[in-house]
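The chain that follows stands alone, in the form predicted on its own, written as structure tokens.
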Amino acid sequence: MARNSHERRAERQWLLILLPSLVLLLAFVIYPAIYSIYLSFTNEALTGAAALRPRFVGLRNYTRLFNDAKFWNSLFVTFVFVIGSAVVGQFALGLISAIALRRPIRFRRVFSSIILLPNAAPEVVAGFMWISMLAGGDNATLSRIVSTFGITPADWLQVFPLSMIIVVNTWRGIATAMILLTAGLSTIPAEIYEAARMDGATPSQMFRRITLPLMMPTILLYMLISAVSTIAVFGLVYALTRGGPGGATEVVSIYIYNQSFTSFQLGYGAAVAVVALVISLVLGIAYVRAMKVEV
């Protein structure tokens, strides 16, 4: 009886400790998500009659969405953006940085600082900084560099808009990838590499048969975090291109903003947001199944 009383007291203490986090989660994650789902079934708007008297419209927003070419374009742009910057760029450069910085190289702290520095700049600040480098005109940084090699200067955000935002987002995310992958590398016992060297394994063989398999849980976790966070990137792309030119960089977060606050169609924008949420959930479930863990 005394033991049960102790357990109940412990449960109440745990509940009190968790209560602030649960309240914040409810207020800033669960309630907005539920309210967005509700909005997606209405014609709620910021102007006009629908702003005064919003009506329930059923699946009309979703029917319109799946016949909207601009919505499909935003999904395609988001797919290329996630694959190019998160899956390929940040992962490859983060892994190379993590492996390189585990070795006794000169100026290691300087290289670490250079890689970590982009994370110190907010998205919008980083965006405006890159605009000064990629903008058109003879005085832009990149144009001045390429002109020394005889290449004609250009407005790089207009000529290669999607490639440029992939480069900038890769630059910002290398540090996160490097930190997570460094943690994964540190869990591999050095004795395994030593035994492989004694058996005559080459560095390439050790990477393919030891490093990659043992790091797979860390790599999958990184892919999950990176893919979902890249789908939600807004400030960086908005500062660089605002989704232009001609929708070439209109990722799904920009499309939601444009529909909600430029076209003033809150209900339709909420429907797009719900679809983006479902895609993120599907990605999360797929990664969790691949990791073979229970949540």
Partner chain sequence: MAVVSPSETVNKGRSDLIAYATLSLISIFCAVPFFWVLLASLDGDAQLFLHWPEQWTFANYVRVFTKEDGAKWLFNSLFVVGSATLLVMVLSGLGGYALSRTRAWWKLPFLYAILLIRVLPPTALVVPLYKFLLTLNNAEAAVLRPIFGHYARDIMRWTGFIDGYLGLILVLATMQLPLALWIMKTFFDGLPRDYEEAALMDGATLIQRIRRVLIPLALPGLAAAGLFAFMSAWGDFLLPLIFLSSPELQTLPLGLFRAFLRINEIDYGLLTALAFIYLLPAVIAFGFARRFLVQTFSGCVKG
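The term rigid core refers to the most C-alpha atoms you can superpose between the two forms while keeping them within 1.5 Å. Not measured: the values here are computed from a predicted model. Numbering follows the first chain given and starts at 1.
Keep in mind that the form predicted in complex with the partner chain is missing from the display, and what follows is about it.
Only one segment in the set 155-163, 98-106, 79-87, 204-212 has any non-hydrogen atom within 4.5 angstroms of the partner chain in the model of the complex, and it is 98-106. Using a 4.5 Å cutoff between non-hydrogen atoms, Phe234 counts as a contact of the partner chain in the model of the complex. The shortest heavy atom separation between Phe128 and the partner chain in the model of the complex is within 4.5 Å. Although the partner is absent from this view, Arg64 stays clear of the partner chain in the model of the complex, with no non-hydrogen atom inside 4.5 angstroms. Shown alone here, Ala33 lies within 4.5 Å of the partner chain in the model of the complex, counting heavy atoms only.
Taking a 4.5 Å heavy atom cutoff to the partner chain in the model of the complex, the contacting residues in 113-129 are Ser113, Ile114, Ile115, Leu116, Leu117, Pro118, Asn119, Ala120, Ala121, Pro122, Glu123, Val124, Val125, Phe128, Met129. In a rigid-core overlay of the protein, Phe261 has its C-alpha displaced by under 2 Å between the shown form and the other one. With the core held fixed, Leu101 shows a CA shift below 2 Å between the shown form and the other one. Once both forms are fitted on their rigid core, the CA atom of Val275 lies less than 2 Å apart between the shown form and the other one.
In the model of the complex, the CA atoms of Phe149 and Ala92 draw together by 3 angstroms or more relative to this form.
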